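In the form predicted alone, a lone chain appears below as structure tokens.
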Amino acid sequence: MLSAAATLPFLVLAQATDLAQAAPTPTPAVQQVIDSGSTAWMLMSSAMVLLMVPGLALFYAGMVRRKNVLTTMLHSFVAMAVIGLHWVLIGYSLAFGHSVGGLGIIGWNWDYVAFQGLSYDKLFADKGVPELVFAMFQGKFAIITPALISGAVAERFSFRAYILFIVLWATFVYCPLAHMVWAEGGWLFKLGVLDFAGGTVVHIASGFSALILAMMVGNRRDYPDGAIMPNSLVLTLTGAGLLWFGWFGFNAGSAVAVQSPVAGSIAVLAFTTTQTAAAAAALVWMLLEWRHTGKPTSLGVASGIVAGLVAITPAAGHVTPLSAIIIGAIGSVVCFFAVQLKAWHKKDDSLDAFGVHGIGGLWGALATGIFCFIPVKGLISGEGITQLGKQALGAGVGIAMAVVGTLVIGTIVNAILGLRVTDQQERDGLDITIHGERGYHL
């Protein structure tokens, strides 16, 4: 006989399935009344996701040397300005506009250009929230994704080149991939590929792009033989805490609406799985590092937190809390060893953007096909490998888009501006040579 603890996941599964079956069949008519609760939740979630960008800035800045703190933080902050405008002007149209030619590859809608057709009371589908709120929520995802890439090329990437790169990358990699995965007319969306909050669109895309860009830019001048020490792990831990907090908006906010029992339950499920996966991953990373080096470190705990959050992102609203613990724990293990591989391949992914986001996102995308139980059942639910195959296809498309797109865009930017700073700028530090400022006056 199973104990009460052992039967808990099955009870959760049964209750969620009953909710899904009891849900009324959606009608094509757009809901005409703004739901105040759902709108308030989406406004709060949007703000929480934006807070993740300063969190990322702190997380990254603490791990670089003192002479590069400001430029590392500016990579995140300038993305809020540059991609913030790009999304309003053309990004949302490319990602969520009508599929061009019905191919499901890229979108376009003139009403979405500069949000000119998005009045404050125009509703999004049947979710009970203004489409303007949904557009702004998605815009925060578009901002943080290229900012994640910057971690791989920290301390030697040209600031001018970075700005041009993220504009082109958002246009030709992020927006088409977001359309394919999330837009109703998207190719992968129609195939049934699941990506609840961005495992493929955000983390696989940014992680694999980060690896390719790091290879194109080359290693830092004193890597791997020189001593490159973090300047402030206090900043990194603070950033990790802000990321964990903001990730609740990232994942639970992706349910969009909370006005119906089913929608509200999905949001609560995503909130819960986000917490459990991050907690499990932080603990596992700490224990692995403790055994590997003899000491549990603050950087290890911070890295584990982010690895767990990345891994659960595509699965957050599709798996049980117990499955989330497993996903987070395994995600921590695979990311830990992916980071250790740097000692073998000698490629300078400065802040482990590929090891954590690329590998963690890939594991999360595949784990969704293994553990999902709503709206479809995955491998462990006895439904075979169908959904796992779809997840593998989606992940493969994300990797291909990231690798090919980054190679092409990186080559163009290098030809126009050059990707790398001069040796003297790198030696003196980018804060003073590019920005004329210092992060610390000690």
Partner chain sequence: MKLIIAIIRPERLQAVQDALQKTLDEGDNYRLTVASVDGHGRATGETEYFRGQEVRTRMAQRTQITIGVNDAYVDRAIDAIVNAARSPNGEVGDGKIFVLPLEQVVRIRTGERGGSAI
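Residue numbers count along the first chain shown, from 1. Every value quoted in this text rests on a predicted model; they were computed, and no experiment measured them.
Same protein, other form: the form predicted together with its partner chain, not shown, and the subject of what follows.
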Touches its partner chain in the predicted complex: Gly226 (any heavy atom, 4.5 Å) = yes
Pro230, heavy atom within 4.5 angstroms of its partner chain in the predicted complex = yes
Using heavy atoms and a 4.5 Å limit, would one call Thr171 a contact residue for its partner chain in the predicted complex?
-> no
Closest heavy atom of Gln424 to its partner chain in the predicted complex, within 4.5 Å or not?
-> yes
Counting only heavy atoms and a 4.5 Å cut-off, does its partner chain in the predicted complex sit next to every one of Leu103, Ala183 and Glu383?
-> no
Contact with its partner chain in the predicted complex, heavy atom within 4.5 Å, among Leu188, Leu351, Ala147, Leu211 goes to Leu351
Which of Ile370, Met216, Ile90, Val339 has a heavy atom within 4.5 Å of its partner chain in the predicted complex?
-> Val339
In the predicted complex, segment of 362-370, 292-300, 195-203, 103-111 with a heavy atom within 4.5 Å of its partner chain | 292-300
Residues within stretch 60-74 having a non-hydrogen atom within 4.5 Å of its partner chain in the predicted complex = Met63, Arg66, Lys67
